[in-house]
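As structure tokens, one chain now follows by itself in the form predicted alone.
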Amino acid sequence: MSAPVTALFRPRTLNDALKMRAEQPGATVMAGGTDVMVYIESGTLKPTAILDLWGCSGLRWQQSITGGQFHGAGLTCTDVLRSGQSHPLLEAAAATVGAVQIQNRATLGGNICNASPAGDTLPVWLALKAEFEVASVRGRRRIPAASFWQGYKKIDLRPDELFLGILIPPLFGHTHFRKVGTRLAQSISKVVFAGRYNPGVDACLAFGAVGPTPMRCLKAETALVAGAAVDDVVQLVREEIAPIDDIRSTAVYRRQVAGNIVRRWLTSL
């Protein structure tokens, strides 16, 4: 480990976790550790204190609420895949997160709060109109997923708050998830898409890895609901996203692939 960690906090209950967070707002929060440990080993992150939530009860649960679903932040991708109770979009995304070893440790809350634009589950929360629940010793609040990611690696989470869970409201319509990477498995996304379409009612076309934050293509969604031709919707998607050239891909490739994903899905319907 390249940085000396002088304090390690391991709360067992949610109340203890919130108290520790209030007392240690500068501590690095670690859920599954699949990203934090990489950052520490590479020297990118040099924490002096870690708040380890892996053993915290109250963060790893799942329940149905009046037609919707509530997922605890501590649920792992493996938990999602084994439960048989999660939304198909979420299950599809969880299955693409690394290898089995990573899925056994990677948590929903960690994936969300890491705020990587290429995070596999992030567009799913946009497509499902999710709300995120966060808390501190001062109380709880809910934040729409659409406003939680405020910029590259910037989230709406205050220094004394912890991420508790995700609320998915009851929704209808066709859904689709697609991840494009260098390989079919164990690859970081070049483009990741989550879509939901209820003809004549509403739609969501959400992407990751094509901008500084996960994003919806609002103009394309409006056109789709209004009955626009598929080619017109695809063109709007390519105009709305903001991909860049980086070590994994090019902006031109990402824009082309994003449009192809939408076209194939809508044509299949």
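As the structure is a computational prediction, the values presented were derived from the model and not from experiment. One rule holds for the numbers: they count along the sequence shown, beginning at 1.
The following text describes the form predicted together with a small molecule, which does not appear among the structures shown.
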Selected contact from 230, 36, 223, 50, since only one has a non-hydrogen atom within 4.5 angstroms of the small molecule in the predicted bound form: 36
Contact assignment for the small molecule in the predicted bound form, among 157, 146, 81, 167, heavy atom within 4.5 Å: 157
Non-hydrogen atom contact residue 186 with the small molecule in the predicted bound form at 4.5 angstroms: yes
Contact label in the predicted bound form: residue 96 to the small molecule, heavy atom within 4.5 Å: yes
Any non-hydrogen atom of residue 208 within 4.5 angstroms of the small molecule in the predicted bound form: no
Proximity of residue 163 to the small molecule in the predicted bound form, heavy atoms at 4.5 Å: yes
Heavy atom contact within 4.5 Å of the small molecule in the predicted bound form, the stretch among 105-113, 168-176, 194-202, 81-89: 105-113
